[in-house]
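This document opens with one chain alone, in structure tokens, the form predicted alone.
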Amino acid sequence: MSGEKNTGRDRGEEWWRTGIIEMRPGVIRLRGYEIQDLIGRVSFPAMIWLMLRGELPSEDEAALLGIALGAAVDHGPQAPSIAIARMAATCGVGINNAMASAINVLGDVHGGAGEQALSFYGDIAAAMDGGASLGEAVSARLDRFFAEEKGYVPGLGHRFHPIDPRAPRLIELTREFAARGVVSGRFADIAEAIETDVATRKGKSIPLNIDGATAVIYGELGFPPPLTRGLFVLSRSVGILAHAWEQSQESDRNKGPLPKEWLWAYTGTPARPFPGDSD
């Protein structure tokens, strides 16, 4: 009987295996660290790093991660995720519902460009590891992009900003951290080389945007591309929370995407009588 009980308990304990957290009454350990040893000594960006990577970052690594996270927190109610959070709040739902509604639209089109940019940079870095020069690797990847893929080069251009005010500052800071040996600066080199090559091909400058710049930092810090999207979600959640909260303090109810005096364009069948009705 005791053997059967142990087998059942082992089965239960194996059901959700994790190397992230150990918890039992009176004990919480994250990646092996007692939670009370982390509280007050580890910043929120460092905690994110620990949870995702399994080890504590240096103070400089945590600082650079925090810089990237802080840069993308909001882009105004014209951004679909922010607009959705505000509209949801006017429907009387809780703050968590408004946030979840907004986060659920952060996909390939709205929120995925950083992941795409870092994957693009990674292809170039791999070519460089194989012996290609920076210029050769960038040129070959762009040749393939323009021959085989559609849309915009990931990480370049912005529909509102001729120059995204966030990107130059992020690259500047990345260079400062690279000069101190915190990161290599390799992904910053790659991003700027892409920007230069595309400008030559197009005959005009298409500057780096927030997604391309944060992808540089996440790449410099060693995060894989899929986590870049998750990190963007963490970042933008701050703006989503702020807007959902602000809107919840106002009296608007059922506020849709347009003012009530502006209606949508109807493109369907003109008004017509029901079959069999007389004139």
Ligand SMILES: CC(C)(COP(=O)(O)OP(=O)(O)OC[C@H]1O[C@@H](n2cnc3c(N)ncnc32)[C@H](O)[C@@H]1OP(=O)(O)O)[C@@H](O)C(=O)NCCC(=O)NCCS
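In this text the structure is predicted, and so the values were computed from the model without any measurement. In this text, residue numbers run from 1 along the sequence as written.
Same protein, other form: the form predicted in complex with the named molecule, not shown, and the subject of what follows.
Figure note: of the listed segments 87-95, 176-184, 127-135, 198-206, the one touching the named molecule in the predicted complex, with heavy atoms no more than 4.5 Å away, is 198-206.
In the predicted complex, no heavy atom of A71 sits within 4.5 Å of the named molecule. Taking the partner from elsewhere, G151 is found to have a heavy atom lying within 4.5 Å of the named molecule in the predicted complex. Although the partner is absent here, H158 is a contact residue: one of its heavy atoms lies within 4.5 angstroms of the named molecule in the predicted complex. With a 4.5 Å cutoff on heavy atoms, I210 counts as touching the named molecule in the predicted complex. With the partner removed from view, the residue among A113, I171, I82, L106 that has a non-hydrogen atom within 4.5 Å of the named molecule in the predicted complex turns out to be A113.
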